[in-house]
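Let's start with one chain on its own, the form predicted on its own, as structure tokens.
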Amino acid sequence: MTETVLITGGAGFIASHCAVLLLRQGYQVRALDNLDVQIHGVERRPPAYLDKRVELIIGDIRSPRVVKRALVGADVVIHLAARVGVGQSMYQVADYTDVNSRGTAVLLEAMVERAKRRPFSRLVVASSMSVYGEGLYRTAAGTLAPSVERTPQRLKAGLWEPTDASGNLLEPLPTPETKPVSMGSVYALSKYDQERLCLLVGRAYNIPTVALRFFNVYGPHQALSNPYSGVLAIFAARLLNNRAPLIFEDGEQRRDFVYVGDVAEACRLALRCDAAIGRVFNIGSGRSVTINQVARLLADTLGVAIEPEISGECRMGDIRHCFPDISRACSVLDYCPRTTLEEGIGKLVEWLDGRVAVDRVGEALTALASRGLTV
């Protein structure tokens, strides 16, 4: 029997790639999305990139009536609906908490009620690398330092690298799922809420649930005019307007950039793997790079000779190094990222050809600075 998948946030960037992959696998796909202005523009039209075979329900994840309608006949739910962006979450506290935390609660209450009549075969929830705060580090003595925070005093002095109590530099390591969480932003806290709510309610009501902690996802269909999310999309918007990518701190912070097609495949695998139920998985590429490196690679691939601009500032909630250990996803889910950073940026640049991007980075920086959220 053909299964129906409901994807919340289903007209979004990651969701559009999930939809295409699942349609190829024989699923029927339904999307619930409110077509948020920040992502889809003031016209709030369904995006052209969304496959025409997807049944789109336009509505809000916080509406019990809309969510109940969207769940009719659904066998599987992939929960991607969320407000995204560390910086903006620090001054739109109520909105991020309302959409991400309460929206998830509304979805879960509706799923619990519906499951009495027809059970769900799977719930997959998108969590985030942001729940870790700083990644895992090792001291000069060789011991692990899993709980690291940078002090405001060091940040104001431009001392970006974390140190131990004696002032010795710490070595960043791949971060496993076992590292204690340390939320440094409202966004991170709300994503952890989504993750834990889904796992907790799923366990209590026998809804098989899997949480995937996405790292820096990039690729075609990412919103180019949203200055709060998607580092590569933000850099692309700058470069397409002949402006330098603006980089915080010194640009030597390390991240993992994972191609959206690999993320969609991870979601598909989570739907079928019973050993994954009740567990959390890092989803990344398995390779870390500095922000400087990725900015220059994007500019080179675009053929734009513009060097990044180093701001020497730091945003509240930013972390220094965080990149994943993906061995659990590889061994349990059989996850195997196939797209290298160079290949993925090549695909992104192909998609960018002829597109117009509105550069709103200046607006975002002004909003953060006016609230004292940069140092």
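Numbers follow the displayed sequence, beginning with 1. Remember, predicted model here, so these are calculated numbers, not experimental data.
Omitted from view is the form predicted together with a small molecule, to which the following refers.
Contacting member of Asn226, Thr175, Ser130, Thr104, with respect to the small molecule in the model of the complex [4.5 Å, heavy atom]: For this set of options, the contacting one is Ser130.
field: Contact assignment for the small molecule in the model of the complex, among Thr163, Ser288, Thr97, Asn216, heavy atom within 4.5 Å
entry: Only one option qualifies, and that one is Asn216.
query: in the model of the complex, do Gly230, Ile247 and Arg315 all put a heavy atom within 4.5 Å of the small molecule?
result: Per the other structure, all of Gly230, Ile247 and Arg315 touch the small molecule.
- prompt: in the model of the complex, which of 192 to 200, 81 to 89, 140 to 148, 166 to 174 comes within 4.5 Å of the small molecule (heavy atoms)?
  reply: Selected range: 81 to 89.
message: Contact with the small molecule in the model of the complex for Ile234, defined as at least one heavy atom pair within 4.5 Å: yes or no?
response: Yes, Ile234 sits close enough to the small molecule in the model of the complex that at least one of its heavy atoms falls within 4.5 Å.
- prompt: Using 4.5 Å between non-hydrogen atoms, is Thr301 touching the small molecule in the model of the complex?
  reply: Outside the cut-off, so no.
message: Residue-level contact is defined here as any heavy atom of the residue lying within 4.5 Å of the small molecule in the model of the complex; does Gln293 satisfy this criterion?
response: Flag for Gln293 set to no.
message: Under a 4.5 Å heavy atom criterion, is Ile319 part of the interface with the small molecule in the model of the complex?
response: Yes, contact at 4.5 Å.
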